[in-house]
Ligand SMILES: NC(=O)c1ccc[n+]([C@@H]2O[C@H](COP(=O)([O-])OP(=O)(O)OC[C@H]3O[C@@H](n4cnc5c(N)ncnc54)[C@H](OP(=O)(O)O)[C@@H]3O)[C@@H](O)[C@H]2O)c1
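In the block that follows, a single chain appears as structure tokens, in the form predicted alone.
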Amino acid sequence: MKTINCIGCGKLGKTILKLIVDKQLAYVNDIVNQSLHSARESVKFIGQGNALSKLDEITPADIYFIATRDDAIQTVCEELIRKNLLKPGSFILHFSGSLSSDILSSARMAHCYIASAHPVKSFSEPSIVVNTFLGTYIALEGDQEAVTSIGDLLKGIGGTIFNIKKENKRQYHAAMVIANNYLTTLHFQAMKNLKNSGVDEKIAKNLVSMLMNDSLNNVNRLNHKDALTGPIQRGDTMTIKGHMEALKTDPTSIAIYTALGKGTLSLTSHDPSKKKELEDLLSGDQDMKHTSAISNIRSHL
């Protein structure tokens, strides 16, 4: 059975290792966190491993998980090399969505294989995620030896592996942020405006959640164009003007509304002139043209 060391064992690391231990796919060797208390909490959750707070206390393993924040990944990898803590032939893996496996390229000097795996899932509550992980998509890239071995391990805990080109990682991760993090932001902004309009907070939350769920269900059942509803889809300029007037005192809300409105135009079936009219309206160009026209009239009076 292969052994695993994990450096920076937070919510994601704990979840992945707990699943590996429960499936008896590998043995967790050392857990290294910034504080010994945190490392012990991770070991307790995983059910296996030695809790450490110093990297130089780590013992050799077949697989090294670097599950730190992104800006620490390369530093940790280079420190493992500098302190001669890597076992030749082992696999070095990080879980960043935006960084490629190249950030670990120095590990090749220690005759190791590198890879990057990004589980497309929110790990906010590991105790819940371990029960809902089955079928989770995982983007994987790196040295073929590492991709094969790590891919088998992640498939074993229920992951659905897909390959991604390392040069596309940043664009890929930006898409994940839009889909996940910004959906939460949109929920918050919609709720805020509902509450400002006098709707009870509990009702506002239920309304926004219901509408978002309905939209996602429609997209999955139909397609983006057929699922689209609302004033942009109808070309209802009066409604859009009314919305922009109501939101103008809140810079964040008006910026979100107009930016997403422009992004929605490509999903509509309007002719080019109508799309231009709506884009100008969302850009505020019509108001500027109107103001300019009034100024010209006044200058001739």
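Sequential numbering from 1, following the sequence displayed. All values derive from a computational prediction rather than experimental measurement.
The same protein has a further form, the form predicted in complex with this ligand, not shown here; the description that follows concerns it.
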Among 205, 87, 169, 121, which has at least one heavy atom within 4.5 Å of this ligand in the model of the complex? 121
With the distance limit set at 4.5 angstroms and only heavy atoms considered, check whether 33, 68 and 95 all reach this ligand in the model of the complex. yes
I'd like to know if residue 253 sits close to this ligand in the model of the complex, meaning any non-hydrogen atom pair within 4.5 angstroms. no
Considering non-hydrogen atoms and a 4.5 Å limit, does this ligand approach residue 23 in the model of the complex? no
Taking any heavy atom pair closer than or equal to 4.5 Å as contact, tell me whether residue 76 reaches this ligand in the model of the complex. yes
Since only the chain is shown here, I'm wondering whether residue 211 would be in contact with this ligand in the model of the complex (any heavy atom pair within 4.5 Å). no
Interface segment, criterion being heavy atoms within 4.5 Å of this ligand in the model of the complex, picked from 228-236, 244-252, 260-268, 35-43: 35-43
Which residues within 5-23 place at least one heavy atom within 4.5 Å of this ligand in the model of the complex? 7, 8, 9, 10, 11, 12, 13
